[in-house]
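To begin, one chain is listed below as structure tokens, in the form predicted alone.
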């Protein structure tokens, strides 16, 4: 049943604060005044709208979607999971975009300063529309760690970026996925801005041996939670629950 209520307010104790000096670029980007909590507007409740028919057959296959006579080099993976709301419901028709560094830890953009080699057969980005149960999946290679100019010797752990367009602007989410067992997660200044260890653990994908592709790819499972709607009451009954 479709719900009509407003979305839950964001939990500021769960999300990282805007001002975190150990993450150097947050200092100038953080707001200078206290944040205000406002009710959802109509535009936040009804958008966005995008063309579901614009996806190509290889958009969720990063191993081949940029190939020029070969395939991407690296440890082959299947990443899968569900997009859920805060009430635990799967969200169908959600646009999930993902991008990452190559196996050597290098991105394909003109301002990249890391000296690792580019892979001519790896573009590093893709997208998928979730199925009726909120499920998504894509093929890729495991990204490498890389240095970044924050402090003298800071490195980012292996990670994949996600951009998620839910059923409304209020459900918009940009996040990152890390890999189970990586010790560099707990050394990363960006990860360290998250105040609750349980929130960090939700960003770590679990190795999923039950969904590997034999003699081809390991699998990792990563569920994504977007904001949920509050109940709409009618004659003292919570509709949609």
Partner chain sequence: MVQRLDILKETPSQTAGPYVHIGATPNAIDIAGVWQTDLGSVMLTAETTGERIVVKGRVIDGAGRPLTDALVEIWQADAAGLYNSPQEPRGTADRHFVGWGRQAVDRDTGEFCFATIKPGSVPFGDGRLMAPHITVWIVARGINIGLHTRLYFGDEAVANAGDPVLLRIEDRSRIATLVAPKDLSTDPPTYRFDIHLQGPQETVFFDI
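Residue numbers count along the first chain shown, from 1. Worth saying up front: this structure is predicted, and the values here are computed from it rather than measured.
If you look for the form predicted together with its partner chain, you will not find it shown, but the lines that follow are about it.
When contacts are defined as a non-hydrogen atom within 4.5 Å, none of 74, 138 and 152 contacts its partner chain in the model of the complex. When contacts are judged by a 4.5 Å heavy atom cut-off, residue 181 does not count as touching its partner chain in the model of the complex.
In the model of the complex, at least one heavy atom of residue 203 sits within 4.5 Å of its partner chain. At a distance threshold of 4.5 angstroms between non-hydrogen atoms, residue 144 is out of contact with its partner chain in the model of the complex. In the model of the complex, its partner chain sits within 4.5 Å of a heavy atom belonging to residue 46. The partner is not shown here, but in the model of the complex the stretch 77-97 reaches within 4.5 angstroms of its partner chain through a heavy atom at 84, 85, 86, 87, 88, 95, 97.
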